[in-house]
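Given next, in structure tokens, is a single chain: the form predicted on its own.
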Amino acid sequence: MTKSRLLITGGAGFLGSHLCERFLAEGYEVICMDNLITGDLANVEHLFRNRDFHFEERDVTEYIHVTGQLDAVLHFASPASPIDYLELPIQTLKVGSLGTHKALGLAHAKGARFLLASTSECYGDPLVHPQSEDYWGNVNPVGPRGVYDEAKRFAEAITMAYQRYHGLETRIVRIFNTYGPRMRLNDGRVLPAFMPQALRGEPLTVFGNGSQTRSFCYVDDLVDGIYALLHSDEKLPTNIGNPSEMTILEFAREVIDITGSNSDICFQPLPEDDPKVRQPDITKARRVLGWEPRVLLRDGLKMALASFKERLQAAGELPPDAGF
């Protein structure tokens, strides 16, 4: 019996690497493609000994060729953190447009199902709360965050065009804030900023007054949702995230408590167009996929803590015998 075979673009990134693991565990042959501009080979090097895992260093905005059958293409290539897409604005726009076009073209040529990793940032600074899939969003196309928001909105539009014009089997997941092992340190997202600061005993940087809200989903829950969506019949965008909303200030205090740190909190000006609220309405995911998150925030933070501590120690930023 021939194994199912799939391609994951951005497969050496935080989310991509966890997806590689999951599909290998499910018996798939996995091709991981990444240009390593924000991905890291360290995230997948433990998979190299698996004969069903193949890594290709390639920029998906250029021509993509994969020999043999492909049953699915999961397009996760993109800078995803504020630091990355603000430092790499052109690359972010190119991977959302040209990269998505190339990945869709490959899926179409192979007769493969296509799954797009979209984002809650499609909703911008929302005027509807919580955010459901039928909300069109409130995005500033010419603001600094527009390079990411609009790249993903274009990616959704061209994915739907391929579905309607070519009859391609497509799925779109709108991913809300996700955390867990293998997040890059200090990449501008909330936990990779807070956890190292707390472990070093430094003040945690909270932007604004900390009243803006986020909803944090553990990576294993997210991967479960993506796996279910790929194998479903749902063609329209689907929110996957944790609906348990909290303020950034509450989250900072939770991180301080989990780490046992004595860190204080310092406040900095709120970045331009930073969303004031973010909470997924997962009614569709519950109804269509039978999915909802299971990992409690405190349990997830404890699992993430071990990974952050290990990486800081490897980088020489924490002593080997550090507490916490």
Ligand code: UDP
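These numbers were taken from a predicted model, which means no experiment stands behind them. A residue's number is simply how far along the shown sequence it sits, counting from 1.
Another form, the form predicted in complex with this ligand, is not on view; read the next lines as being about it.
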Handout entry: in the predicted bound form, Phe194 touching this ligand (heavy atom, 4.5 Å)
Key = yes
Handout entry: Contact test in the predicted bound form: Phe154 vs this ligand, heavy atoms, 4.5 Å
Key = no
Handout entry: this ligand contact in the predicted bound form: Lys284, any heavy atom under 4.5 Å
Key = no
Practice task
Determine whether any heavy atom of Phe207 comes within 4.5 Å of a heavy atom of this ligand in the predicted bound form, and answer yes or no.
Solution key: yes
Handout entry: Per-stretch contact check against this ligand in the predicted bound form, the hit in 66-74, 49-57, 274-282, 291-299 (non-hydrogen atom, 4.5 angstroms)
Key = 274-282
Handout entry: Answer option from Gly180, Pro243, Pro237, Pro82, heavy atom within 4.5 Å of this ligand in the predicted bound form
Key = Pro82
Exercise for the section: Identify, from the list Leu270, Ile37, Ile265, Ala42, the residue with a heavy atom within 4.5 Å of this ligand in the predicted bound form. Expected result: Leu270
Problem - Members of 219-253 lying within 4.5 angstroms of this ligand, judged by heavy atom, in the predicted bound form - result: Ile248
